Structures are given as structure tokens and as C-alpha cells.
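The chain below stands alone, shown as C-alpha cells; this is the form predicted on its own.
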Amino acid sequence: MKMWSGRFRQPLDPGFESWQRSFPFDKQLLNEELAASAAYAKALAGIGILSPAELEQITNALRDIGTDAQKDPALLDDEESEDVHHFVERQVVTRIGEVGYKLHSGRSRNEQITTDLRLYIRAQIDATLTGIAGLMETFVRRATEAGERTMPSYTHLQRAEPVLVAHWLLAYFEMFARDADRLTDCRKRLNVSPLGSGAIAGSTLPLDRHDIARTLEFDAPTANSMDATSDRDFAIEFLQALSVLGIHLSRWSEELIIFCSQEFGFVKLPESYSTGSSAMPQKQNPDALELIRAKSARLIGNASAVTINMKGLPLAYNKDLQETQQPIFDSAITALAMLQHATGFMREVQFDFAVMAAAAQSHFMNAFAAATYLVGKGVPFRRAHEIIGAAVRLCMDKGCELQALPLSELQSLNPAFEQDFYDAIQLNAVLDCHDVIGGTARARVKKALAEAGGRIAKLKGEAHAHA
């Protein structure tokens, strides 16, 4: 029996009936539906709609449905149920009889689905935060292992200045920390309970909505029934946060793909995260990185799909909202897999520190530090920039680096040059002249690494508290 069939005389067109069913995908919400139904049954008992014995019957049936589905997934191969709500109702009635129909008293599927989605996304945020914390921890571990080893940094994909490898890795740490912040913020905003909102105008029963919210570990009930039953802002925020996470993972993948090429040679691909070519025996391809880069497009696409779906919907519930579910499921699963494989890759990847260090000390990587040296001698920066540019041009003509120019030639460009210039453009001095918060000076990076450990501990603690 349909949950709505009483008013209808004709059956649904078979093709349309199959097409409009959501159970093939919203069965992923079974655990959330069971938890929300148990909380609702408790609330019904609180106002006398269910007797204590009926509450026990329904609660036991809901528990058994979850247990049976876990033992035998074939239970969910149900061709009759329209959606997960219909499935649970049918299962309850099958197990305990007519009393099972009481569970839907004063309740609408409109409030059920948004409650289930909030519970689902909340759990997925917690899992994603744990995954992000693990990835951040791996970046910090590899940065610590790198010590004071150096590499070039790039602007416009052209060598710019030398930085510590640890500083480069911590740049991604900061991206992922922001991703964690966004998801944490989203979790706070979504953690309100729609149950008791009815179909649109609020329940017709005097339910204790605060108690329902506490039972499901929500912070409070929603404030407006029309908004509650049609709101998917929380889903959009979740998907958009995951899309930004995907962008960060994609940027990291792209950079590693470039760095593992023979033209750079900074990175040695782990064989456990690479594949070969069916035609060229010598090839080792960065497939894990390429798939992470590609799957970020799915996260962006899913966020766009749900956002566009919502833009023209009048209040309150519309069947269009059914189409918001699959992008949520897909992004949640995809993002967790991306984090898993990115973390595994980062554990295994090897850096060729010798090649990186050589690149960090060639092609005039100390030119900015050289200009800074002249500024310290009282030369205006714009003039210093021009002088060092002339020195670079002279070096290019001679086929040497700045440190190879004789002092006499430097002084012919400007008398401010002195013997201490050569110490000022040595690698460690170049690094340490960036001695500001967020800079690549060795002491600053050491401090940033220590602070990063504390930030991860805090994030893991918060994730554990919600587990």
C-alpha cells in the first residue's frame, strides 16, 4: 500500500512509478531513518499517542530492521517500497502489525527526509574531518622529516625564491585546515532538528520538539516549519565545502604530477600508487594523482547541481528536492576516498632532496635577497631592483650566478656593495631573511611545525568528541 494512495482511483503508470522511486538510492539513509523514527516514537509516547507497550514494540522493530539489514543486505532489495520512509513503515507493520501505522501520526515525509539528510551529512562531516586530520598529520610528518632541506618556489610556474620543503608542505596543511574549519562551521549550522515540522505548517500534535532534538543530539529544533521542510542550505554548504577540499587536493595533485616528471625530477612516485603503460614498458604513471585531480570535478559538479536545483523552488517541499540526494551521497563517498588515497600517497612518496636543493640554488634564486641587501645599505628598493636586474643580466652574459661576480664588477654597478654581500646571498641567509610570521625562515618554519601539531590534536579531539 502506498503512503498516499487513498485519494487515487488509478494506479501509477508502471514506467513513471519506477522512475519516481527514490528507494534505490535513499536506502543509504536507512540508519538515519531508523534513528529519527525511534526518536519520534519516543515523542509520540510522551503525549500518549503510543502506549508504553506500543513504544517498546515499535522501538524493537526499528532496532531489528537495522540488525537484519546489516546481516542480510538483500533485505533492501525491495521493489515495492517507494522510498526509505515507506520501506521502514512496511517493515514495521510486517513485524508488529497495525500498530506500526501509528508511527506516522502527525508526521510527514517532508520533515523525515530533511532530518535524515541532516543526520547523514553530520556523520559524513565527522568522518571527513577525521580524514582531513589524518592527511594534515601526514603532511606535518613529511615536513618534519624534510628538516631544513630546500626547493624552489614558483610564481607563474617560473622559479622565484628558495624555500624550505617543509614550508611548501605546510602551505597545503593550511589549505586543509581551512577545509576543516568550513566543515566544522557547516556542522554547527545544520545541527537543528526538523522533526515536528509536519508537511509544511507544523505538527498537529503537541510534540516536545526540544526533547526530540536532544534525543538525536541536535542543538535545537528548527524555528520555522516551512523553512525546515524545504531547506537544503546545509546540503549546499556541505557540497561546496567538499568542492573546495577537492580543489585543494587537485592543486596538490597537479603540482606533484609536474614535480614527478623527468623535467623536474623532484618526486619519486610510489609504485603502490602508480600504474604502467600497456604500450611503453618504461612508463610509470601518476594515476592516483590524476584520479584525485579528476574527481575534484565531480565534487564541483555536484555542488553546482544542488545549488541550481534550489534556485527556483517556491516554498515549501517540491519533488525536485529528491534530486538533491544523489549528489550528496556521491560527494560524501568520493571525498572520503580522495582523502584516503591522498594520505596513502603522501606516506609513500619520496622526494629527491638533492635535485630540489640544486634547483633552489640556480637561476638567480637569491636575486630578491640581493636586492634586500642593497635596501639594507640605504638604496631605495626600486633602484636596488634595477641594480640587481643589471647584475643578473651581466651574469647571464658571463654564464654564472650572482655569487660568482667579482666584488669589483658589483661595485661598478653601485658602490653600496661590500664583501658581506656574498654571505647575504648564501642559501641559509636567503631563507632566513624571510623572518616574519608565515615566512620560510628556518626558525619560523620550525615554530609553524610545532604549532601545526597542536592544531591537529585539537581537530582530532573535536572529531573524536562527535564520534
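We number the residues from 1 along the sequence you see. It should be emphasised that the depicted structure is a prediction, and the values quoted were computed from it without experimental measurement.
What comes next is about the form predicted together with ligand ARG, which is not displayed.
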Contact with ligand ARG in the predicted bound form, heavy atom within 4.5 Å, among N302, T150, S296, Q325 goes to Q325
Of the options H167, R118, H85, R187, which one has a non-hydrogen atom that comes within 4.5 Å of ligand ARG in the predicted bound form?
-> H85
Do D26 and ligand ARG come within 4.5 Å of each other in the predicted bound form, heavy atoms counted?
-> yes
State yes or no: in the predicted bound form, is some non-hydrogen atom of Y317 no more than 4.5 angstroms from a non-hydrogen atom of ligand ARG?
-> yes
Could you confirm whether V163 comes within 4.5 Å of ligand ARG in the predicted bound form, counting heavy atoms only?
-> no
Should R109 be classed as touching ligand ARG in the predicted bound form when contacts are defined as heavy atoms within 4.5 Å?
-> yes
Segment that reaches ligand ARG in the predicted bound form - one of 259-267, 351-359, 109-117, 374-382, heavy atoms within 4.5 Å = 109-117
Heavy atom within 4.5 Å of ligand ARG in the predicted bound form - qualifying residues of 43-72 = none
